[in-house]
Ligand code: CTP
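The data below hold one chain only, encoded as structure tokens and taken in the form predicted on its own.
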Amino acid sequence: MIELLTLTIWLLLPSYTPNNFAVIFGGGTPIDMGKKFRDGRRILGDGKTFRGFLFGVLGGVFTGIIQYGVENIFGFSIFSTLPLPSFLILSSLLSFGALTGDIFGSFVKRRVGFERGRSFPVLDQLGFLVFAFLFASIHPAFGTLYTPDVILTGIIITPILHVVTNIIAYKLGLKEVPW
């Protein structure tokens, strides 16, 4: 059980980290360019920026590169069974998918009247992961690495990790709300 949990977290790091990088290095021009729907509500809001998206994807890929190097240094092979270019594509798909899922979540939240920063259970905790899986599923190695037990474990543990890490970030003063 511990081995499956560890493997799942390891395989999901390129999709878990992009939003952190987007928050840290984001800002600037919003992706929706300030546009609103006819009802006056923003399409996405100020929290989704071009710079945040770019640095989020780069951060997720950077996380993957570190993982790839760690595997080679310590002699275990999960991602490093793939040629580096193939792995870079996979980590890019996971990162890009995670951020796209987060943007989709913001879009849905704006449409149903949720303000920026307000919690939307399930969507906030799993939307990014579902999109990461969807995007990465086009990669030939996806089915080998992301087995049904890894996917199910990811779906189960991600909401728990999401809540715990948000509370920690809130306690450290990195977030204004604990969700």
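From 1 onward, residues are counted along the sequence shown. Nothing here was measured: the structure is a model prediction, and the numbers come from that model.
From this point on, the text means the form predicted together with this ligand, which you will not see here.
- Residue heavy atoms within 4.5 Å of this ligand in the predicted bound form occur in exactly one stretch of 149 to 157, 33 to 41, 135 to 143, 109 to 117, and that stretch is 109 to 117.
- Taking non-hydrogen atoms only, residue 52 approaches this ligand to within 4.5 angstroms in the predicted bound form.
- When this ligand is considered in the predicted bound form, residue 17 lies well away from it, no heavy atom lying within 4.5 Å.
- Put simply, residue 23 is close to this ligand in the predicted bound form: some heavy atom of it is within 4.5 Å.
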